[in-house]
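Just the one chain here, the form predicted on its own, laid out as structure tokens.
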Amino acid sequence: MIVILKPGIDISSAEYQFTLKALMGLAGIEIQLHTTKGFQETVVEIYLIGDTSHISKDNLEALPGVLRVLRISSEYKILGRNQELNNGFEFEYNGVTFSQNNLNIFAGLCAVDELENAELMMKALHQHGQVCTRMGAYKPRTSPYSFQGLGKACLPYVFEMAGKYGIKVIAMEVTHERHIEEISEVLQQMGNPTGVMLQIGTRNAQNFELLRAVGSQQTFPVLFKRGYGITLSESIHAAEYLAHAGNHRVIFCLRGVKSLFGSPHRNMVDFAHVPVIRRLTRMPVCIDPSHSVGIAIRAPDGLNDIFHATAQGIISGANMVLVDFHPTPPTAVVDSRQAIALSDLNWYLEDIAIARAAYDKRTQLAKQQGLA
């Protein structure tokens, strides 16, 4: 069940304290609070997790601070969308808003290799008005002999460069709870010059202990990548672990699925699932065209396959793009074949703007038909 409190309720008020105490007194029920800060008002939702079949909805709605109570029938109890609770999750982090209604671009290095490349990337993003990037410090690889990332050693200069060039959020994969501690420690030592979005990679999509650890912290939002070898439903349930642990600031990323039928691409591009995620859940949806396609090769029309895949996701309503760039792709130590040259950043962003404008026109057309 979800208990929605009155908009703008003061958490120090008597009605809030009375309501919270009553809910905490429910036997066998776990309580989770979720606050959504909108442009006009703040909404507090209290999740009652456990067997709530015996709890009277009318009794809860009679509590002084309660606006309404919803029984959740969705199998995704927290992240799922249903008829009564139809609004998407919207949150702001370090001055950047994430929701199902906007679009953020995270172009950057799949793996940090040199300070110079990190600075060239962030400088270019700044010149194009971008405030988000991806920078891989911890890189789980198929082979134990492959480059595993520079780890904690590169964090100080990555964060310093981010602050220098106005980068507000860095998407960075973590594979161990220790990595969260290292990121927090370095950020604090440097005076928090930027923000970090913790990324759960596809290999860790069902690493439930890692999901609980990342979900239990409230400092950083989370980018969850779909598992490449499990069903969509299993992936959403895995993302639900993050929310169940307490962190509702979750973005779901589609990054392609393993299939023999995806060749010559690295994976089978699954961006037709963008509207599916938006329909089933309240999470913003990210696409990763780089790892889906795996090769930055041009078609006869002059656009490479990653550009085309990006447009497919955006025109379907994607809210975030995670994409690999590099100053000199052939020298990239990780996934060099899929990295887009930094010199192509300007027209890649222009192409995205065209696709997003097309999506906006499509949704406007749906509204004119009375369907939205």
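In this text, residue numbers run from 1 along the sequence as written. This structure is a prediction, so every number in the text was calculated from the model and none was measured.
Absent from the display: the form predicted in complex with phosphoenolpyruvate. The rest refers to it.
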Heavy atom to heavy atom, is residue 195 within 4.5 Å of phosphoenolpyruvate in the predicted bound form? no
When the contact criterion is heavy atoms within 4.5 Å, does residue 294 count as touching phosphoenolpyruvate in the predicted bound form? no
Contact of residue 201 with phosphoenolpyruvate in the predicted bound form (heavy atom, 4.5 Å): yes
Verify the contact flag for residue 240: yes if a non-hydrogen atom of it lies within 4.5 Å of a non-hydrogen atom of phosphoenolpyruvate in the predicted bound form, no if not. no
Proximity to phosphoenolpyruvate in the predicted bound form (heavy atom, within 4.5 Å), stretch among 152-160, 184-192, 286-294, 99-107: 286-294
Picking from 273, 179, 249, 225, the single residue whose non-hydrogen atoms come within 4.5 angstroms of phosphoenolpyruvate in the predicted bound form is 225
Work out which of 265, 139, 168, 212 lies within 4.5 Å of phosphoenolpyruvate in the predicted bound form, going by heavy atoms. 139
Looking in the predicted bound form, is phosphoenolpyruvate within 4.5 angstroms of a heavy atom from every one of 45, 77 and 244? no
Contact check, 248-277 vs phosphoenolpyruvate in the predicted bound form, heavy atom within 4.5 Å, ordered by sequence, gives 255
